[in-house]
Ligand SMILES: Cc1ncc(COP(=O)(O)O)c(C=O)c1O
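Here we start with a single chain on its own, the form predicted alone, put down as structure tokens.
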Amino acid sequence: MISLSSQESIYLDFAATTPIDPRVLEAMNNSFQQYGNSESVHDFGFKSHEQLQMSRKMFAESMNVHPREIIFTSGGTESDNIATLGVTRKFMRDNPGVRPHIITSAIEHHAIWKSCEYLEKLGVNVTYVPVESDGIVAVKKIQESITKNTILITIMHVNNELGTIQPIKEIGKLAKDENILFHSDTVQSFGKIYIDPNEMKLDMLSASAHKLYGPKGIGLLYIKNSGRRTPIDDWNEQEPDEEDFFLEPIMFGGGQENKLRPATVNVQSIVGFAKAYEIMEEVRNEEMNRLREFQQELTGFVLSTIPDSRLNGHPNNRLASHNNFSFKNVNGFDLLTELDQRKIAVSTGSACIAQSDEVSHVIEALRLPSEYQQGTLRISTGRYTTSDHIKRIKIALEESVNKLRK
């Protein structure tokens, strides 16, 4: 078991990435004994292919979907790109001259935001639905944004900075009623909250291994009916006509992963991803309850002890691991640096923009008073967080804020 309780350092940035679980590493090391290409037609290839399909089946059974509806990618960003670009390119090719419309939120991960910005340059209309002051997207505002050319709604399940949980089931029902494709980036929530894509009316779902103690560089994309518009009665039937698909690949090469993600398959990382998810399913309730206690303790302390502090996001409807605070007239980067000197690792927001001193677009979307916007800090707990870590961050946080304000 990894120990992070040393006085030398404390890691409280689990929302950015997680340390790999030793049981995951062991599963991957065992998998490396089968080094054949999973597409090769010989015994080495067959053994690798068996590991691949066993992992795929494990995800599918847990999510109550068909194994062929799971395709493996390099991570959440690629999955998000396939979902947004793949759907839009297919629509534009099938409907020349028609300007498609996409609905997303003002607090999406950059993998969605940058994809949408790129698509806007190609002539796609994009609506960035604002969130309420608690960081929750109003379903009514999504409904009001729908036009006759809306082809995709993409709303993240849990925000990576705030931890707020979006009303995915309600949005899914709306999308289904309006016959609009629905995608959700579940990178932060996958494994930590049970997800059944059918219950949520999802057509696509993105996930990543490194947020749940698995390896970096591997993720998955659930695609309903493997991208076909019509339901499938027989998964062994002859390959359907290309026109029956609602998305197309954004990479080109071989025929791996239903021809939607061509590349030599990273079997060992997939095995690690599957093991990490399997472990999370076993410990989810206990682990999330423990982190919820830490969350309540930390929130209560900050709001009652540190003057001019505020909690960002919904006070209750948020993932147990996330804590996002703003401190009046304090620079968040200075606060992060001060805590780092005390050997406590936290963040000001998404790791994807950690080198920027700009205010996060998520914080901007909350419309905070200007004197609070720069002073934002995300403290995210995880499997190896202890009560001692919470005690130390409380002391360090109070002292650091007071020091910077002086």
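So that there is no doubt, residue numbering starts at 1 and follows the sequence shown. Source: prediction; values computed, not measured.
In what follows, reference is made to the form predicted together with the named molecule, a form of this protein that is not presented.
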Hey, in the model of the complex, does residue 77 get a heavy atom within 4.5 angstroms of the named molecule? yes
Consider residue 318 of the chain shown here, and say whether it contacts the named molecule in the model of the complex, taking contact as heavy atoms within 4.5 Å. no
Given that the partner is absent here, does residue 210 sit within 4.5 Å of the named molecule in the model of the complex, heavy atoms only? yes
Would residue 111 count as a contact of the named molecule in the model of the complex, using a 4.5 angstroms cut-off between non-hydrogen atoms? yes
Contact test, all of 309, 326 and 330, partner the named molecule in the model of the complex, heavy atom 4.5 Å: no
Given a 4.5 Å cut-off on heavy atoms, tell me which of 202 to 210, 262 to 270, 298 to 306, 88 to 96 is the interface stretch with the named molecule in the model of the complex. 202 to 210
Considering 115, 104, 188, 164, which brings a non-hydrogen atom within 4.5 Å of the named molecule in the model of the complex? 188
Quick check on this chain: which one of 156, 171, 83, 276 has a heavy atom within 4.5 Å of the named molecule in the model of the complex? 156
